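Here you get one chain, nothing else, as structure tokens; it is the form predicted alone.
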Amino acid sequence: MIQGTVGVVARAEVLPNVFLMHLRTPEIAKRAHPGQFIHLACDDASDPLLRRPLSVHRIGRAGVAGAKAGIYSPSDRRESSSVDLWRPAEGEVSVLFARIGKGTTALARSNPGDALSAIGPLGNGFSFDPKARNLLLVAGGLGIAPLVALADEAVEREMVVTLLAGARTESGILPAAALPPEIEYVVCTEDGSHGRQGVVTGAVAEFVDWADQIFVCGPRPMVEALIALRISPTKSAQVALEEHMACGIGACLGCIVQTRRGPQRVCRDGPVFRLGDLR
């Protein structure tokens, strides 16, 4: 875990009220794994006081020997019109978040060259079954954020990836350019404005038998719907939970969820859990 200053090198509104931000942080980039998160201060003031937990969306592995946490220059910035907005450079991580309240509104105002306080990478991330080859990723809304880093790593391992992404309408769907080109991208919108019409969980049954592993992130109703499908316990299914939290390190007990193993902290025991363990 690294605590220090990270530099904003690029920030863009990629969907209505949804922002992509690249952060210069070589040590976090070196240690981060898909499914983990960064606890990010919204600005340099004390209001809002609490940090915001943001999933690691994509990882640019550091290639500079001896890089240290928090060391960056205001010149280490990339314009939103750069050749590849979607991929962070080496030594960077990207986060994807919606502008909802005071904290995320402050983050959305961050500009290249700004410095933010961060702690990370935190939590337990996704894990691959060594025997798995076919991966099914299921995203609801901004639950797609941690699954893109997972897709990147799976492609590097030469796995076959299908990503099911759902949203209420086309305006909530990331473009295919935001994803690794090697994966199959299946879109579901509730109003039928893009891709298949219906909720994303309705498409899961079509791919379950094919998949060796299933990875999920999305709002609670979506997760509950997938639990109700009663996917075979012999098939590995992991879910990254979205939860409000204060400390991010397991001390405050503000992000407890009930599991078959008893109460668990999303920030420390998760955010990734076995789907079948959730109550």
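On a predicted model such as this, the values are computed, not experimentally measured, just so you know. Numbers for residues come from their place in the sequence shown, where the first is 1.
Just so you know, the form predicted together with a small molecule exists too; it's not on screen, but the next bit is about it.
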property	result
Contact residue in the predicted bound form, chosen from Gly218, Pro53, Pro26, Pro34 - any heavy atom within 4.5 Å of the small molecule	Pro53
Position in contact with the small molecule when the complex is considered in the predicted bound form, options Ala98, Val155, Ala89, Ala178, heavy atoms within 4.5 Å	Ala98
Which of 203 to 211, 130 to 138, 170 to 178, 102 to 110 sits within 4.5 Å of the small molecule in the predicted bound form, heavy atom basis	102 to 110
Contact label in the predicted bound form: Met245 to the small molecule, heavy atom within 4.5 Å	yes
The small molecule contact at Met159 in the predicted bound form, heavy atom, 4.5 Å	no
Val187 within 4.5 Å of the small molecule in the predicted bound form, heavy atoms	no
Leu241 within 4.5 Å of the small molecule in the predicted bound form, heavy atoms	yes
Complete contact of Gly125, Leu275 and Leu278 with the small molecule in the predicted bound form (any heavy atom, 4.5 Å)	no
